[in-house]
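Here we start with a single chain on its own, the form predicted on its own, put down as structure tokens.
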């Protein structure tokens, strides 16, 4: 995938969604196992429904976080940097749902050799219910400019903006 550059981005543009699912109990259990989250609401339906009064086993919050970050880092490419990401878990997701991570550019601003991209982000199910809304800031290189340094130091933006006057 070609590197997205700051000049390619405009306020109002939507990123291509990242679609996962339909989610199965196996998907949820594999994630729980990989991160060693053994809470029974992620694999024991009888417990989740009977004890915790949930509608089914639950998709892990950390998995939702991962999918949002994957959407943004895949889009930013090797030359970009996901600088900030904030979201809230406002709804539950269960097996059978197909989940789509989405993002929309809300603002762009140049900062020296780089560009800052502000985004609204979220995770929505196939019924259109938003479960994980948030915001993010991605730093992108300018066309023919250097890649965003690894590790990213936000002071680079301040120095660049100050040098430009």
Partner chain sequence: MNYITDEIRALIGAETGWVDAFDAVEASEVRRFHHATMDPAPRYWDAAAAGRHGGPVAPPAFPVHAFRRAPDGPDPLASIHDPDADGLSRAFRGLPPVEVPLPRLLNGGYRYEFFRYARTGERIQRKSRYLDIRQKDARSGPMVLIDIEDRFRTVAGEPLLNVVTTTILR
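Worth saying up front: this structure is predicted, and the values here are computed from it rather than measured. Positions refer to the first chain, counted from 1.
The same protein also has a form predicted together with the partner chain, omitted here; what follows describes it.
A.B. asks: Answer with yes or no whether residue 120 is in contact with the partner chain in the predicted complex, where contact means some heavy atom within 4.5 Å.
C.D. replies: So residue 120 does not count as contacting the partner chain.
A.B. asks: Should residue 104 be counted as a contact of the partner chain in the predicted complex, where contact means heavy atoms within 4.5 Å?
C.D. replies: Residue-level check for residue 104: no, no contact with the partner chain.
A.B. asks: Taking 4.5 angstroms as the cut-off for heavy atoms, does residue 149 touch the partner chain in the predicted complex?
C.D. replies: Contact with the partner chain, yes.
A.B. asks: Can any non-hydrogen atom of residue 85 be found within 4.5 angstroms of the partner chain in the predicted complex?
C.D. replies: Residue-level check for residue 85: yes, a contact with the partner chain.
A.B. asks: Hey, which residues along 35 to 60 are within 4.5 angstroms of the partner chain in the predicted complex, non-hydrogen atoms only?
C.D. replies: Sequence-ordered list: 35, 36, 37, 38, 39, 40, 43, 47, 51, 52, 54.
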